[in-house]
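Coming up is one lone chain in structure tokens, specifically the form predicted on its own.
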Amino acid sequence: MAMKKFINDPLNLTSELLEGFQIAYGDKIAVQSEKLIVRVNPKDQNKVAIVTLGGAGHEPALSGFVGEGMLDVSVVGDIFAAPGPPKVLEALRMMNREAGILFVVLNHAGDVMSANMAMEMAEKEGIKLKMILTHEDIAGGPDAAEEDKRGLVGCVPLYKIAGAAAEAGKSLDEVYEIAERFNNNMATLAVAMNSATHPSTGDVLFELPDDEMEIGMGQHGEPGTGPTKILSADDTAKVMATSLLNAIKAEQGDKLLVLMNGAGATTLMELFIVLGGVKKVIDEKGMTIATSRVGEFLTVQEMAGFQMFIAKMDDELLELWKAPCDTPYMTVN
């Protein structure tokens, strides 16, 4: 598959996309020190800061969620690559405050390595912080070890809930407890139909025959549960939603957050149809979709497919989810 993208020099991809991002959303975010995306209107120093890191190429994630009520800083790596520890440490120093920092990291080897190294250096400098690792991918089975579960789109609603708690003035311990409660009650499963190309090299990430899809595919083409013939929207929804509900041990009467995240090439039409199939499964089990969102939150270039996310919600989590926020790619009034 030949790569067809509107780019200039592949060596400048990250800097040019961040330049355009700032042009588009300069009223909400700013690029500092080349790869730190920060709020234009900083949070009060007496409130907990929320910091994250991750490679570019998954837009709008992660920097699209910097702003009031969500992230304070997003540390950007090159395409599909974690930023180095020095840049991460720079962000932690920037957000150093008595209230502390909640450091949200997706469970991918490069991200975790950079985060651990930066956190160790930050703690030696007396920076107050707690790290939370998102690991909600259930492709390896719900009983897989946490260190083997990838962090997928679940980081985005976690930013929202933790960010709202921080904005409300809760302590670092309180923000961490809320975020970890949500983290332990969420699950994601991805499905892919067609591959993406790496925009720096033009390499195809993986290959699937035209009549096949793969459930459990990772963000960069990592293997899932194995290829299968393409299923209908309702059948796909049933397979995936049933697995997710089992993974979070959802029970009759539970209130759920459902998020449909397009991977880059799958249309909103398809995502809305699949969501209808998810509701059928949830209704049959006597549960409720308390809130839902459909869109592109964390993409993989032009990959065809989506990530289905479900979380169990309590009243406090729902209140935080619905609290105001103002970021480039999520706004709640």
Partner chain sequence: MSNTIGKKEIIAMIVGAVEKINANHQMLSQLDSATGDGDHGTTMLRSMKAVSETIESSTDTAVKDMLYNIGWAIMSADGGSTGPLLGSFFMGMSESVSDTGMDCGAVAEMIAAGINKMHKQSRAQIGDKTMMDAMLPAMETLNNADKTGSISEALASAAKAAADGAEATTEMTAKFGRARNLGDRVLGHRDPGAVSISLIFKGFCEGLDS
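The shown structure was predicted, so the numbers you read here are calculated from the model rather than taken from an experiment. Positions refer to the first chain, counted from 1.
Beyond what is shown, the protein has a form predicted in complex with the partner chain; the following relates to that form.
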item: In the predicted bound form, segment of 168 to 176, 98 to 106, 116 to 124, 244 to 252 with a heavy atom within 4.5 Å of the partner chain; value: 116 to 124
item: Contact residue in the predicted bound form, chosen from R181, H198, K238, K130 - any heavy atom within 4.5 Å of the partner chain; value: H198
item: Contact check for G69, D143 and L318 against the partner chain in the predicted bound form, heavy atom at 4.5 Å; value: no
item: is_contact(G151, the partner chain) in the predicted bound form, heavy atom dist at most 4.5 Å; value: no
item: The partner chain contact in the predicted bound form: L257, any heavy atom under 4.5 Å; value: no
item: Contact test in the predicted bound form: R39 vs the partner chain, heavy atoms, 4.5 Å; value: no
item: Non-hydrogen atom contact P83 with the partner chain in the predicted bound form at 4.5 angstroms; value: yes
